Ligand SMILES: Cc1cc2nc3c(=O)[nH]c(=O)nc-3n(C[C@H](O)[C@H](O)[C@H](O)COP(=O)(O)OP(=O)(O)OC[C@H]3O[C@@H](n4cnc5c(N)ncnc54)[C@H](O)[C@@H]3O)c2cc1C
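As a starting point, one isolated chain is supplied in structure tokens, in the form predicted alone.
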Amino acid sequence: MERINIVGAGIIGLGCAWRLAQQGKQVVALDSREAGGEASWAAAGMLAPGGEFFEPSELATLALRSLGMYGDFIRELEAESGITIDFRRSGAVEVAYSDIEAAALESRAATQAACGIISEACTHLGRPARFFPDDAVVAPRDITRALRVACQRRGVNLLEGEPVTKISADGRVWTANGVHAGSMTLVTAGAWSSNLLADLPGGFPTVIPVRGHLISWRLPPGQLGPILRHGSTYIMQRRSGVMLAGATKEYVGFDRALDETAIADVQSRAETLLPLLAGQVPTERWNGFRPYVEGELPFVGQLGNSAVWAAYGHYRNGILLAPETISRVVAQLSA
């Protein structure tokens, strides 16, 4: 039986493991920490091309294709895992704080429409805004929990707490516990991916980790329908009532320390955008590392003529791009 190693067990790594196991392949998924415990755990889960892509581009096309796949992806994963995933097409409202911002929103609407992102004029608390009906939200921690169960039911060998120390061009993977042979290896380790590929021939982009802080509150469900956005600030609510706000953009390497100044900044911006949050005490504060590559187009493919493939560099859109990326990778590995 063909054996495939997957290094990095976030949403994309686990998703690829699940799909490959469905094809009857023997899959070993390795992660240095707990599966789904890095960027997938930290992500808010906005599936929102309306707030990310302002004109036609290859990345916008991939994102819209992936968004279109989400409903079927979630339904199949729920059926196979038995876990309910918080997913809804909530829409999003982007707010302008000035006439200049309002004019920019209107101008942007025309270029976005050219690539299939539609919106309509509206207001928010008396301010001009635009509503993006196709934007959606999902709980990434639900997805990774469901993928973990689905993988186990399909016989994926999930090895957690097993850092990879070396990957060779023939697809072998070294850890402190030994060598894992395989016909091919897929690297889906987010911000750590290019470090793991350092001993292999070039041609792949270097990842820069970009830290982002988020906060959340436990509030009654139904307080917020669509995503709210202004600039780099966003607010969304889970069906459970948990309200999330983000985010910051920090170039600090892999420093995991919580920055109280950054957290206070997110909270202040969120309270301005949604005044009902004023005086509410956050119940959770955290950060994560977005995997940025130059040009922001993820690397998905084979490394030269080696037995190593990689899929990384999704930056702010790893959750949004997951179904499309998983489909591309599995098609390549199965060719």
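Each residue number is its position in the shown sequence, starting from 1. Owing to the predicted nature of the structure, the values given are computational and were not obtained by experimental measurement.
Separately, the form predicted in complex with the ligand exists; it is not shown, and the next lines address it.
Student: Going by a heavy atom distance of 4.5 Å, is I4 a contact of the ligand in the predicted complex?
Tutor: Answer no; every heavy atom of I4 is more than 4.5 Å from the ligand in the predicted complex.
Student: Do P49 and the ligand come within 4.5 Å of each other in the predicted complex, heavy atoms counted?
Tutor: P49 lies outside the contact set for the ligand.
Student: Consider Y234 of the chain shown here, and say whether it contacts the ligand in the predicted complex, taking contact as heavy atoms within 4.5 Å.
Tutor: Yes, Y234 lies within 4.5 Å of the ligand in the predicted complex.
Student: Quick one: is T188 in contact with the ligand in the predicted complex, heavy atoms, 4.5 Å cut-off?
Tutor: Contact with the ligand, yes.
Student: Which pick from F131, W192, F204, F73 sits with a heavy atom within 4.5 Å of the ligand in the predicted complex?
Tutor: Of the candidates F131, W192, F204, F73, W192 is the one lying within 4.5 Å of the ligand in the predicted complex.
Student: Go through V27, V308, L30, V266 and name the one with a heavy atom inside 4.5 Å of the ligand in the predicted complex.
Tutor: Contact residue from the list: L30.
Student: Only one of these stretches, 206-214, 85-93, 114-122, 101-109, has heavy atoms within 4.5 Å of the ligand in the predicted complex; which one is it?
Tutor: Comparing against the ligand in the predicted complex, the contact stretch is 206-214.
Student: Should the three residues A9, S40 and L196 be counted as contacting the ligand in the predicted complex, with contact defined as a heavy atom within 4.5 Å for each?
Tutor: Heavy-atom distance to the ligand in the predicted complex: all three under 4.5 Å.
Student: Output the sequence-ordered list of residues from 299-325 with at least one heavy atom within 4.5 Å of the ligand in the predicted complex.
Tutor: Residues within 4.5 Å: H314, Y315, R316, N317, G318, I319, L320.
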